[in-house]
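Alright, two takes on the same chain below, each alone as structure tokens: structure 1 and structure 2.
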Structure 1
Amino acid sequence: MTDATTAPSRSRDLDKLLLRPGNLVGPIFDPGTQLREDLKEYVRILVVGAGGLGCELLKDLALSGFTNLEVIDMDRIEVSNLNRQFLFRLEDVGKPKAEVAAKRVMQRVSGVNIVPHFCRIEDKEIEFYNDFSIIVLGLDSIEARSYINSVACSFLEYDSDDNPRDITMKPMVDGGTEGFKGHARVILPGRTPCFECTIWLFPPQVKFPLCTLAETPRNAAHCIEYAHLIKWNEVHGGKAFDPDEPEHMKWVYNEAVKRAELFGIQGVTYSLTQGVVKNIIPAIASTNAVISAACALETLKIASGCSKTLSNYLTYNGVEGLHIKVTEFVRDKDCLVCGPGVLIELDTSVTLQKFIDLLEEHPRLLLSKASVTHRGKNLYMQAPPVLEEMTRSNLSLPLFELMGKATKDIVHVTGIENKDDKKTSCLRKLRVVFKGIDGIMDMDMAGGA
């Protein structure tokens, strides 16, 4: 039993998946010890978020045989995290989540290396994200998901037939929980819907009418939102409310209590105040565990091909009984974030005005009155007059110059589409390629202008 050569290896169970062929495996599966070693050597995974999901994800991925992990999170540990973010201890309160989580998993699982990043996701260069094979998301906001999604999709390139180039694809696995509910999804940009294709899935945040808050509060949340949204500005003028500042939270709580007394409303507590103001939903450790486990397994399946991946959206609902469902969502073919865009081939001498004229005749666009934007720079705006005036001088300049002499890049245009005698306003993504620049002339640009 103690003989090192016969002692079962830690990957014994994993080996059953990775070393043997099977009927249910993914399309390209090459079982063997080489695969097991390659997963260790070549797969680099970024975990975004080191909270409830992130802690579980790091543990699960480390135990699934991945050895190159990195984790990014901007938060510090709070006492209220400790019931479920099991990598943290009381003495860790106040320390960066990413750093403590990385350290704890490395202590427990030998051979794994986890690099922590204690910063905002926007603080990293875009190229930072391109270093990873797979990005796994354990986030709690739509905004952060949308950002990572747009970054991951920005690496995606299409060939001249509008097929995604696999080598540029950055797979994402996204987990999310809210109380007893959760989801896990696999995003293969260019092949399965990206986050933006299905953003309509997310219900809008509940917002109370301001006048109800001001005039006729009916519950504790109304009193808290009154203190937070109306009373704060009234008293503190221009000073911004900071939900992470205990003094600010305390002030809002006290004002909410006064308000509740005035209207005879029960139930304002400090923790409810935090909950309402920071929009906190009760988190349940087991939901996080279920969703993270699904995400970690999908990550393993994407990387190794040992089984087909989830296609493509799993919902878990433990509210009344238990319900699990997998839905295959479809891509938005015109998605501005993951779609190919319409390929347009141009000479470097084409002016912006000429480009706008071309869009009107382009068979796939038939777009008139185009406004053009390139990487956050508005090259031409049809309206309002103040912007039209500011951008008009660009019309006579070559587009190539306006795009910073990039040989190929994405531009976005809005305008009126004239199809089948119908005029509809639309927003389109275009892949502009300039002809006659060294190196890119060999491509056949069928479907271009």
Structure 2
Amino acid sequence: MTDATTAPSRSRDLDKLLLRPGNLVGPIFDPGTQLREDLKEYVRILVVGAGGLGCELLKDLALSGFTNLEVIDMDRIEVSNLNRQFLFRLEDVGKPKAEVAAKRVMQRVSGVNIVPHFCRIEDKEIEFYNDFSIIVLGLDSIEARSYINSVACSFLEYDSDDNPRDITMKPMVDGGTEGFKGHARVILPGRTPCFECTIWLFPPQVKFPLCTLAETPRNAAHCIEYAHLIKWNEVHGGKAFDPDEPEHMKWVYNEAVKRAELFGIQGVTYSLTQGVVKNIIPAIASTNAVISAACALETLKIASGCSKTLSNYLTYNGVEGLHIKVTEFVRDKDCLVCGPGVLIELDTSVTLQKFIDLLEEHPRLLLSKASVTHRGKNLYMQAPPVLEEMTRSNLSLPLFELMGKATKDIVHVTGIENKDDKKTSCLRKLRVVFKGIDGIMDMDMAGGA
């Protein structure tokens, strides 16, 4: 008969990492049961995405001793998700992924508390993300990764010598999968390359010539893109296509089927339509499990110091055999996102409205429809309408006064970046310096910009 003192603990394997010293531990590592309890009580983890990778991450993090978890996802469960997003069942179709995933993990792992957020990542205030110890990404979108990266880097502060202050660093662990391939990376803003530093790693999306789509389609993807890029605008005029709206996607699918029948092309399915329109590559459950395990381990290493973290990009390839490689990429010191910030020199008379106009003309920013915050205070917000109305009166006031007459300080702007004829949401950090004040001369700070 086995009593409580000899029964194997659920944290048995975890204890091997947290309760004893080693040769590869980090400088902050202090082994003991107190460390295990501190992880439960004080460390807050945000998981961004509750899809194939997100489901694995929530399960792995809960089983790794973290009890304060939150998850954010804007999608609802679809039948096509069920083959790999193992937390969902047929009766869950149509329900928010974040809510169902949180509920299922809490049912299976006692003591863990997971708070779900069913919304877009942009809908949360910037300070929402600052409340977490570590942000773990399980996303399938470059744009979403870029946004979270810019938010996390916006919290980073630099000293007078342009050295990052570690206490303001918001660690991120990013995972991604494409079929039998995947990656896991650690991003320590100011220390390791951020997402923007290595954006070149992502190949450009495949684009079909419009003449081929309109005149000589040769495969199912051509028919789908014809319905998506050409037919939609012909029928709906200026109405924007929303890939996350099921009715819009079903319309494109039906039109693609008609197009395929006209040219005798086989293979148009609803799942393929989703994949082509949203640039989705089929997911493999085993790949999600491998990458999630790597991300969960890196999260534990960052939180506890039980081992040195990954330096800094792991790639996994299971197409033919098994190949895993770690590459140490170098941070871009001039990065607009994780660097000290873009230098903006202004006269004290410049109004907030003029400042916003300058952002649109600035060659390194090209930001339109900008919202501006300073030390957590909303100076001007484009949306929602109630906040726009509340902050509208600030537009006519000098930015110098709105910033408390500080001679120099950091402001954060959120807006639409127009880059390579593509508009994306982004957040940028700006170093604002006011000229013509006693003790402040025109400054050449471009080296850190």
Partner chain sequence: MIRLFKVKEKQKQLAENANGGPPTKKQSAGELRLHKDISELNLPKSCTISFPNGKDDLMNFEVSIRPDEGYYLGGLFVFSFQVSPVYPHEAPKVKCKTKVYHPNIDLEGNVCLNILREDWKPVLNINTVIYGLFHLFTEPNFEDPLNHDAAAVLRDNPKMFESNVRRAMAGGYVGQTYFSRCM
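Residue 1 is the first residue of structure 1, and the numbers go on in sequence order from there. Values in this document were obtained by computation on a predicted structure and should not be read as measured data. Note that the rigid core is defined as the largest set of C-alphas that superpose within 1.5 Å between two forms.
Of the two forms shown, structure 1 is the one predicted together with the partner chain, while structure 2 is not. Here T351 counts as shifted, since its C-alpha moves by at least 2 Å between structure 1 and structure 2 after the core is aligned. When two forms of a protein are overlaid on their rigid core, residues whose CA moves 2 Å or more are considered shifted, and A152 is not one of them between structure 1 and structure 2. In the core-superposed comparison between structure 1 and structure 2, the C-alpha atom of S271 has shifted by at least 2 angstroms. Comparison between structure 1 and structure 2 places the CA of A370 19.2 angstrom away from its other position, after core fitting.
After superposition on the rigid core, the Cα atom of V342 is displaced by 7.3 Å between structure 1 and structure 2.
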